[in-house]
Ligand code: IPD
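The chain below stands alone and is given in structure tokens; this is the form predicted alone.
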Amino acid sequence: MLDFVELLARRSGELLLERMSQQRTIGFKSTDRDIVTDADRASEHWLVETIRDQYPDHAILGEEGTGDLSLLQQTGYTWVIDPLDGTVNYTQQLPFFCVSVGLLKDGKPHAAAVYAPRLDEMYKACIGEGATLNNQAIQVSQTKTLQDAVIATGFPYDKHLSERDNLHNFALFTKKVRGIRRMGAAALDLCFVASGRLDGYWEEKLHPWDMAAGILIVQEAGGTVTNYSDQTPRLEDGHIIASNSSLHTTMKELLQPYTQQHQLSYPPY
């Protein structure tokens, strides 16, 4: 099964590379900063058709309109796919974009692949089997304190409209850490935590396809992933802390006032 998950991510990533230099057709989703391109749609179409051909009885949830959130609670296998995570980066010719393919079994992460085609990096994990980067085992970092840490975050597309813009948290963490990065692709942020390139990551207003693969990859690399309230993350929650485990309590405590202010626990926002 993991070989097929990898094939999906790799082939779809190759499709994105083929289209990268072509003229883009760009549309808008939730706001004028939340864009979708012809490449996103072509990638999802290929992924969906290939999965359905191989596993016609499996459910599929995709960013560009395939399925709905109710599929996350059903039994059996559910594919949660992001055909192009980092669309803005892609349209700007920046290399930080990827394809994310997560496979759930009875609603829980089972297998995952995240492929960054411009970097030619394939991250994979299967439950209980560890995580790899280009077939080499990876582990989270050993950083013990925030002052020695490099972490990442992101900002919601409605940051210009909502008080839940993550800007206060960004300023708070910036003063506490060695460095902070904003890559613009949640699945890659999670993979960078898994590989030890980043020591931690937090973000909110995410979607299931942003996290489904990356959560398992971090966990299988020895990291910790929760929501802001230190609960086991559900893909519906939308808010996430991922860390090398050593930093997790400190990150959660820094986010606690914001978590309480906005009541970010179950049920999801």
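Here the structure is a predicted model, which means the values were calculated and not measured. So that there is no doubt, residue numbering starts at 1 and follows the sequence shown.
Here the subject shifts to the form predicted in complex with the ligand, a form of this protein not shown in this document.
J.: Does the ligand get within 4.5 angstroms of any non-hydrogen atom of Thr87 in the model of the complex?
T.: Contact check for Thr87: yes, within 4.5 Å of the ligand in the model of the complex.
J.: With the partner left out of view, is Gly196 within 4.5 angstroms of the ligand in the model of the complex by any non-hydrogen atom?
T.: Output for Gly196 is no: heavy atoms all beyond 4.5 Å of the ligand.
J.: Would you classify Arg182 as touching the ligand in the model of the complex, given a 4.5 Å non-hydrogen atom cut-off?
T.: Arg182: contacts the ligand in the model of the complex.
J.: Would Phe155 count as touching the ligand in the model of the complex under a 4.5 Å heavy atom rule?
T.: Answer yes; at least one heavy atom of Phe155 falls within 4.5 Å of the ligand in the model of the complex.
J.: Looking at Asp237, Glu220, Glu44, Asp210, which has any heavy atom no more than 4.5 Å from the ligand in the model of the complex?
T.: Selected residue: Asp210.
J.: Since exactly one of Ala186, Val140, Val80, Ala149 fits, which has a heavy atom within 4.5 Å of the ligand in the model of the complex?
T.: Going through each option in turn, the one that passes is Ala186.
J.: Within 4.5 angstroms, counting heavy atoms, which one of the listed stretches 51-59, 66-74, 221-229, 201-209 is next to the ligand in the model of the complex?
T.: Looking at the other structure, the answer is 201-209.
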